[in-house]
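In structure tokens, the next block holds one chain alone, the form predicted on its own.
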Amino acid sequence: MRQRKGRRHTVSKSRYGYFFIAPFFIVFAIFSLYPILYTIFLSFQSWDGLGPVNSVGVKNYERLLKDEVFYQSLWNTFRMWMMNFIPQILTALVLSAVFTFHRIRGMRFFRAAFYLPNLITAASVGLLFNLLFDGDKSAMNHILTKIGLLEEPFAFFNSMVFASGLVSYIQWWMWFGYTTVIVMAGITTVDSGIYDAAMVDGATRTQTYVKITLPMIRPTLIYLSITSIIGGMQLFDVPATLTNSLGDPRKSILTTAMYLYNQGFRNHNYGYASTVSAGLFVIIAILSALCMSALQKKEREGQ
């Protein structure tokens, strides 16, 4: 009697991978994609958060194009970002050159110390500097009058220039260590043989850094520029906690993110706040594209 050979059933496991990646897409759809789409929907509506949602068409966008406070907040944001990013990237390039091409005792300690401010929450830093400078009896007024630099207390936060400059300084202080670490990581990817060949040809360390290192780490600089634009144009926590979240003195530190927040959660105009958010997204996208295009064009010209 012949024994029947059983059929061997094979189970395809190729589709199992979808089960592993499904949680990411589910979470992304719920907490990222849906809020984005709902924000775009609200930008065409009028809603106070409690009452009915009323369609207003493009009236919110028409208002945005004529909103002087929005343009002022946009200029404030861009100005404070430029005032901290340019010194930030220059400081990072100088420190990375020093740490990479010179042996310094305690280099690891300095790198950790420079990076440390980035670990502190921005809201805490804003409150700290508020305590240092706000009021006639603030710590800085006490110190400066004691050592004779001031004859009487100075109202720091009544000065538009000082308040704006302080926000830029705080942003520089918090982020230059991070930028330095990223630039140094980019430098380590450059082939050391290129440096050896340059030294044999008689190039100095300065020439090597300018002519070889900077062009080779251009992708890193593009990454830093774009991420800095995205983060800088969404600046909120430091200026909001530094004064009164209204951008005082005289709206000099009112950022676009603060204006958006005030429209939504103070004025309860969620439709217009969504429109401001959409406008900010478009501006960030344009600035990022221009930055990438400029740096890539410079790279093509250098080839």
Partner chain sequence: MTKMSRRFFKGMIYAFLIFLLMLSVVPFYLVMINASHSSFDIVTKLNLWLGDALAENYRTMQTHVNIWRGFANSLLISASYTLLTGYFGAFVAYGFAKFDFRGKKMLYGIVLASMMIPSQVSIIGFYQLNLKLHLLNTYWPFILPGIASASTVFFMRGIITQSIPDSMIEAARVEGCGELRIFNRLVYPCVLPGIVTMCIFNFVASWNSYIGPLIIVSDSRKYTMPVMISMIKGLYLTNYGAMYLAIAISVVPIIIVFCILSKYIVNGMTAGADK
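Since the structure is predicted, the reported quantities are computational estimates derived from the model, not experimental observations. Positions refer to the first chain, counted from 1. Here, rigid core means the biggest group of C-alpha atoms that superpose within 1.5 Å across both forms.
What follows is about the form predicted in complex with the partner chain, which we do not show.
Taking 4.5 Å between heavy atoms as the contact cutoff, choose which of Met216, Ala198, Leu95, Met160 touches the partner chain in the model of the complex.
Looking at the other structure, the residue within range turns out to be Leu95.
Quick one: of Phe78, Tyr209, Phe99, Phe156, which gets a non-hydrogen atom within 4.5 angstroms of the partner chain in the model of the complex?
None of the others qualify; the residue that does is Phe99.
Classify Leu260 as contacting or not contacting the partner chain in the model of the complex by the rule of any non-hydrogen atom within 4.5 angstroms, answering yes or no.
Yes, Leu260 is a contact residue.
Can Ile284 be called a contact residue for the partner chain in the model of the complex at 4.5 Å between heavy atoms?
Because a heavy atom of Ile284 falls inside 4.5 Å of the partner chain in the model of the complex, the answer is yes.
Taking 4.5 angstroms as the cut-off for heavy atoms, does Tyr71 touch the partner chain in the model of the complex?
Contact check for Tyr71: no, nothing within 4.5 Å of the partner chain in the model of the complex.
Is Ala112 close enough to touch the partner chain in the model of the complex, meaning at least one heavy atom pair within 4.5 Å?
The answer is yes: Ala112 has a heavy atom within 4.5 Å of the partner chain.
Residue by residue through 233-252, tell me which have a non-hydrogen atom within 4.5 angstroms of the partner chain in the model of the complex.
If the 4.5 Å heavy-atom criterion is applied to the partner chain in the model of the complex, 233-252 yields Gln234, Phe236, Asp237, Thr241.
Does Ile226 move appreciably between the shown form and the other one, meaning a CA displacement of 2 Å or more on the superposed rigid core?
No; Ile226 is a residue whose C-alpha shifts by less than 2 Å between the shown form and the other one when the cores are overlaid.
Return yes or no for Leu144: a CA shift of at least 2 Å between the shown form and the other one, with the rigid core superposed?
Passes the 2 Å threshold, so yes.
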